[in-house]
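Only one chain comes next, encoded as structure tokens, the form predicted on its own.
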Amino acid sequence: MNKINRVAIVGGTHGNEFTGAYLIKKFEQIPALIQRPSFETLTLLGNPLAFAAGKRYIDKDLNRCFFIENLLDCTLSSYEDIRAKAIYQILGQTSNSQVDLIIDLHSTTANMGLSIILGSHHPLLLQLAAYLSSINPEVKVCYTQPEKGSNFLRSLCELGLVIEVGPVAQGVLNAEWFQKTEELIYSVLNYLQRYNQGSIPQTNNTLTYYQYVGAIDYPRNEHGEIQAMIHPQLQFQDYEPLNPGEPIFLTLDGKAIAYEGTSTVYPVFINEAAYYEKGIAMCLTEKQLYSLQNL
């Protein structure tokens, strides 16, 4: 595989996720923290107007603005569409400063702990994820969907990953998660330095990850109003097994609603505040083992 020459760390893609935004501020003040001998590390505040306003976005979710056809569409004129085009020019494949790997920093109100979210099975990403989970038992690895046609910022680069931490309230700077995210970033950069030197750390032969299989919305009435909340037994149980027949919602008048699936799943992003508007009460994953022996 090719050497890593340039890495980008992006924070504040969502303006009210302060962990990543303030880490970018710190790295801009002390750039030596993220520089390594064999590659350059760039920093980028993803959505500066939303960050200044303490809002997730100004007009629309920036992290849903990176379909290539939208990036090339000059008629799209929302603030986030314009910002996405600017980021594409900075980080994308047409840029003189094209990056080899993107780390997009996010925080969540759900109990996701330290999550690494991947969108491809690129060998380097899988080996990196296996290494991070081996040195830190708090690290969980999620795999969403193939990056072909993705509208996420991380899809601007073949080697794109998200660090998602929480629970952290929106618009709040939490010291614990700030420090844990910072240490995880250093672990990523140190791994890439060793990768460039040809001395990749040994890890387990298998990677445990959680494969996205779908999402569930809250029960709603004909007006779209929520009629039930996350059941207390499920709240904060991200990455824990959910079996058919177990309660997932509690109606406003106190009746439990059971999970009607036919197999055990592992919910993530349970009761994520930002997903209410997207019609998502939780995402469902299946627990998988991936062999690294043939990489």
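Note that residue numbering follows the sequence shown and begins at 1. This is a predicted model, so every value here is computed, not measured.
Omitted here: the form predicted together with another copy of the chain. The next part is about that form.
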Exercise. So which of Leu49, Leu42, Ile68, Leu250 gets a non-hydrogen atom within 4.5 Å of another copy of the chain in the predicted bound form?
Worked result: Leu250
For this session: May I ask you to choose, among Asn205, Gln179, Ser77, Gln197, the residue with a heavy atom within 4.5 Å of another copy of the chain in the predicted bound form?
Result: Gln179
Exercise. Pro137 near another copy of the chain in the predicted bound form, any heavy atom under 4.5 Å?
Worked result: no
Exercise. Ile226: heavy atom within 4.5 Å of another copy of the chain in the predicted bound form?
Worked result: yes
Exercise. Ile30 near another copy of the chain in the predicted bound form, any heavy atom under 4.5 Å?
Worked result: yes
Exercise. Might Thr144 be said to contact another copy of the chain in the predicted bound form, defining contact as any heavy atom within 4.5 Å?
Worked result: no
For this session: Could you tell me if all three of Lys3, Gly113 and Ser187 have a heavy atom no more than 4.5 Å from another copy of the chain in the predicted bound form?
Result: no
Exercise. Which one, 232-240, 256-264, 34-42, 60-68, holds residues whose non-hydrogen atoms are within 4.5 Å of another copy of the chain in the predicted bound form?
Worked result: 232-240
For this session: Can you tell me which bits of 256-271 touch another copy of the chain in the predicted bound form, meaning any heavy atom within 4.5 Å?
Result: Asn271
